[in-house]
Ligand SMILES: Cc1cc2nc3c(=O)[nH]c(=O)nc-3n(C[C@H](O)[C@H](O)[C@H](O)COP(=O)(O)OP(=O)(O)OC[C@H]3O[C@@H](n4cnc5c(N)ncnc54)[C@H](O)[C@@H]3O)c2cc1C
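Next up is one chain by itself, shown in structure tokens, the form predicted alone.
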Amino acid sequence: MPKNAVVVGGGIGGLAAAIALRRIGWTATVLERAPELGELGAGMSQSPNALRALAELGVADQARAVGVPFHGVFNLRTPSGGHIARALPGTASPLLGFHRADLHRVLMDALPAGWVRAGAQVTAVRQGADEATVSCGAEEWAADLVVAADGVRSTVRHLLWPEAPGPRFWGNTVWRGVARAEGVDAGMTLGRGRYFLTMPVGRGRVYWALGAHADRSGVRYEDELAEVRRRVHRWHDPIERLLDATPPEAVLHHDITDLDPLDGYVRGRVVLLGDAAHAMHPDMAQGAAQSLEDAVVLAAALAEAGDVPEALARYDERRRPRTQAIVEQARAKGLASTSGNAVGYQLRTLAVRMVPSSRWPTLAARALAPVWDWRPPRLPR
């Protein structure tokens, strides 16, 4: 009999976990609490380590077909429009930009019909010596393994790690939207206390995001798009054009949080994966990437170990140091990018200007090598 798992959470990390488990001969049931399957209408970029994980999952070609080369880290501007770094013509990008829904669909299509159940809100998790049981109201699923991939506000983490602190707000907030626009390059505009990101995501769509400092969490506006306009008033083209092309009701606004380090990602036969284990600031574009890495490493450990507890111990040992270090790096980068300190802002822009554009891709890749150079373990074919 093949071993079976329950995966809690039908986002990118949960689907990747199910695909990885299938590749090693397991079956899985994915429980998604949302009434309908899908992802929010926003963008994301994936770095080389994430693309290698997608390759090991067997979906690299499908992912590349819906991705767009992303040069945002090489195109940096000031609010007036001046370039402080610029991608030269022909510059190859190690990053791909995606609409989240497109990458989500690629992962969904890689799973057998019936593996994912929507509208399944987990209410309890019980453990025995040889199995764990997940309850969704009156329904129950018993499995050899439970993978908790249910996000930063994970129900499973709350149930089995009650002592763990919840998500922590550090003073950053973000607005996101998708506009219909042509001829817009990927890039970042660095302002004092805020930044504006643009990323083409295919089929005439451009994802944009405004990250900014916030004195407190939970502040919302009657007209979120108008608030974005106020914060980037008179910033360079095409920012205003993108905002004009964005439906006001489609603007997303949420505060950025991350998780303090947990002392372990495993309790019995339950394992945390993705944001449920190590939610992080988006400023290193590693949230989904680390979920994809988690999925591959988990499956590899299960394939090589003699039993589930041994495999989970190996997963925890391999994933916790790396992911928790990246959480700290992303937090530091996020706080620096939204700092309102005038001297710090001037020093950051001056440091970038001093680097010739021809050398910027090489230096950026070298600085990010500890993250980007990760290689996945091989999964059985």
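These numbers come from a predicted model, not from an experiment. One-based numbering along the sequence shown.
FYI, the form predicted together with this ligand isn't displayed, but the following is about it.
Asks: Counting only non-hydrogen atoms and a 4.5 angstroms cut-off, does Thr338 reach this ligand in the model of the complex?
Replies: No, Thr338 stays farther than 4.5 Å from this ligand in the model of the complex.
Asks: Examine Ala295 and determine whether its closest non-hydrogen atom to this ligand in the model of the complex is within 4.5 angstroms.
Replies: It does not: once this ligand is placed as it appears in the model of the complex, Ala295 has no heavy atom within 4.5 Å of it.
Asks: In the model of the complex, is there a heavy atom of this ligand that lies within 4.5 Å of any heavy atom of Pro282, even though the partner is absent here?
Replies: Output for Pro282 is yes: heavy atoms within 4.5 Å of this ligand.
Asks: Please run the contact check for Thr155 against this ligand in the model of the complex: heavy atoms, 4.5 angstroms, yes or no?
Replies: So Thr155 counts as contacting this ligand.
Asks: Tell me which of 295-303, 119-127, 74-82, 218-226 has residues with heavy atoms within 4.5 angstroms of this ligand in the model of the complex?
Replies: So the stretch in question is 119-127.
Asks: Among the candidate residues Lys333, Arg64, Arg353, Arg33, which is the single one with a non-hydrogen atom no more than 4.5 Å from this ligand in the model of the complex?
Replies: Exactly one listed residue reaches within 4.5 Å, namely Arg33.
Asks: Only one of Gly268, Pro238, Gly151, Pro167 comes within 4.5 Å of this ligand in the model of the complex by heavy atoms, so just point that one out.
Replies: When this ligand is considered in the model of the complex, the option within 4.5 Å is Gly151.
Asks: In the model of the complex, which residues of 1-23 put a heavy atom within 4.5 Å of this ligand?
Replies: Residues within 4.5 Å: Val8, Gly9, Gly10, Gly11, Ile12, Gly13, Gly14.
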